[in-house]
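For reference, the chain that follows is the form predicted on its own, supplied as structure tokens.
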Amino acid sequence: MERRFIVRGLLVGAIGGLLAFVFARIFAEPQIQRAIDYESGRDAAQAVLDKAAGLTAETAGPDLFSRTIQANVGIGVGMIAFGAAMGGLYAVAYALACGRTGKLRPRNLALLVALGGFLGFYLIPFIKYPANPPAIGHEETIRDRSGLYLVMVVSSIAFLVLAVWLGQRLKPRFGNWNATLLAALACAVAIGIVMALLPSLGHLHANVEQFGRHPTETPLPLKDPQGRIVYPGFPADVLFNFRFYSVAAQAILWAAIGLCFAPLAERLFAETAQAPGTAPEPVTA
């Protein structure tokens, strides 16, 4: 049964990744191009300042792949592979949740697991560390940013799983509704504490050293030695649009996984129940 779950999870994940790519290609990719254009203009302005100061500007090497390949084949293959990976993990989580989350139909459980995946893998970490376009950010902080984001993902998933466990424990005493609210509140408090303890990206060493302490590392206006602005800060509209479309693309991915997997899971349980000499596998506690 678990193997059949995983095969279906990989399939629906790839479908979700494809749908998310189509959306991102139409709406998010133009924002990435605007971010690249901004970075190029900012680098040119910085080169002028460096030359005036007698410094030698660094020359960037050629890209291994053209921008067209990156925006189409590269992102497309990457998002489909990412979707398949998320679908495989989703299927494992679904198999583990069967029989441990109360009297839920396979279809409803599939949707709830997908919602948990969207919250744990993306939305909750996004609240602390919202996405920036690929061209925006300091190379010196890539490792720190990756590590911090991973901590948020692991913490979010762990607290969501603990919230489900706590809700099941509290249900006999407080009832289903109150137990769910108490577990959700405990989860929110725990995640809030983690968010408060982790540093903001603008507080990382490389950013503080160059710009001072700020909530994010989104580029501020570039100034000359006299303090005059020679290049504006990163456009707020582009940043908002990119983040909005990023959340929407992830929502499409997880919605596709949940909605496509739900009927497949229910059908699989029905086939198992009808198989001669096979007892139906329980989905209730």
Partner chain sequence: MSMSTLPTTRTTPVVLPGTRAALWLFGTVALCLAAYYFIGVDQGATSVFGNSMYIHEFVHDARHFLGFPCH
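Numbering follows the first chain given and starts at 1. All values derive from a computational prediction rather than experimental measurement.
As for the form predicted in complex with the partner chain, it is not shown, yet the points below apply to it.
Within 4.5 Å of any heavy atom of the partner chain in the model of the complex lies no heavy atom of Phe240. Looking at Gly137, you'd find a heavy atom of it within 4.5 angstroms of the partner chain in the model of the complex. The partner chain in the model of the complex is not approached by Gln46, whose heavy atoms all lie more than 4.5 angstroms from it. Mapping the unseen interface onto this chain, Ala236 falls outside it, with no heavy atom inside 4.5 Å of the partner chain in the model of the complex.
Contact with the partner chain in the model of the complex holds for all three of Arg100, Ile142 and Glu266, each having a heavy atom within 4.5 Å. In terms of contact with the partner chain in the model of the complex, the residue from Leu198, Val208, Leu111, Ala71 that brings a heavy atom within 4.5 Å is Ala71. Of the stretches 162-170, 144-152, 111-119, 181-189, only 144-152 has residues with a heavy atom within 4.5 Å of the partner chain in the model of the complex. For the partner-free chain shown, Phe242, Tyr245, Ser246, Ala249, Gln250 of 224-260 come within 4.5 angstroms of the partner chain in the model of the complex, judged by any non-hydrogen atom.
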